[in-house]
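Read the single chain below, which is given as structure tokens and is the form predicted alone.
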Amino acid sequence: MSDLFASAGQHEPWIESLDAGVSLLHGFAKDNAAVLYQEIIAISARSTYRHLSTPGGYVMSVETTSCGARGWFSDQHGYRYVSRDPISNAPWPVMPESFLRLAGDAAKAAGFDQFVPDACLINRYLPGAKMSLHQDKNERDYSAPIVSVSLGLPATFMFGGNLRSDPVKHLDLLHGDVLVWGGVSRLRFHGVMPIAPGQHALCGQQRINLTFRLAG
């Protein structure tokens, strides 16, 4: 465990090295959370949240939208990135500068320089919503990390290995935490346990997750 920010107290941002290529940046996004949340509201007004379906016909409990040059989508035809919102047929909303800056700064703090994402998947978890174990493997280049930002209600994040059968660690992710993984850990399985009911001062009765990726 290494405190690269030399924090003055337990509530200040600090970095926890969890494994090779895996860092948990505690509170890294907390100071900018209000700005991020307003951007999220504006994005979701243009490209609405929706429950996507897996190729097998399962409807996901999490609600999803995207911003950036590419957005992640799933239906009976498979998992993929698309350049236009399939619902509106309009381009996805432009990724805000605040998003790009946060993603780049978090990646750099975790040891991945010059990360410029072209896709941001925005997941909204209402109480009871979850995400089953999966790999992020629809991207063309695995050399870039995944940067995952947590806002709102706390979550229990499941972090496994490169095989679905590998042991799973459970991480407590709080408002403002940023989890970064890449390198030898880029294809590790991960997911989210069902979100417990609660009320957050900024985000209300929900958890919002921003997942930044280099898709194309």
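One rule holds for the numbers: they count along the sequence shown, beginning at 1. Everything quoted here is computed from the prediction, not taken from an experiment.
Omitted from view is the form predicted together with a small molecule, to which the following refers.
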- Given the small molecule in the predicted bound form, answer whether the residues L121, M131 and R213 all have a heavy atom inside 4.5 Å of it. yes
- Message: Which is the contacting stretch out of 164-172, 30-38, 49-57, 179-187, given heavy atoms within 4.5 Å of the small molecule in the predicted bound form?
- Response: 179-187
- Task: Determine whether any heavy atom of I146 comes within 4.5 Å of a heavy atom of the small molecule in the predicted bound form, and answer yes or no.
- Result: yes
- Message: Given that the small molecule is not shown alongside this chain, does F73 nevertheless sit within 4.5 Å of it in the predicted bound form, heavy atom to heavy atom?
- Response: no
- Message: Under a 4.5 Å heavy atom criterion, is V192 part of the interface with the small molecule in the predicted bound form?
- Response: yes
- Query: Does the small molecule get within 4.5 angstroms of any non-hydrogen atom of Y125 in the predicted bound form?
  - Reply: yes
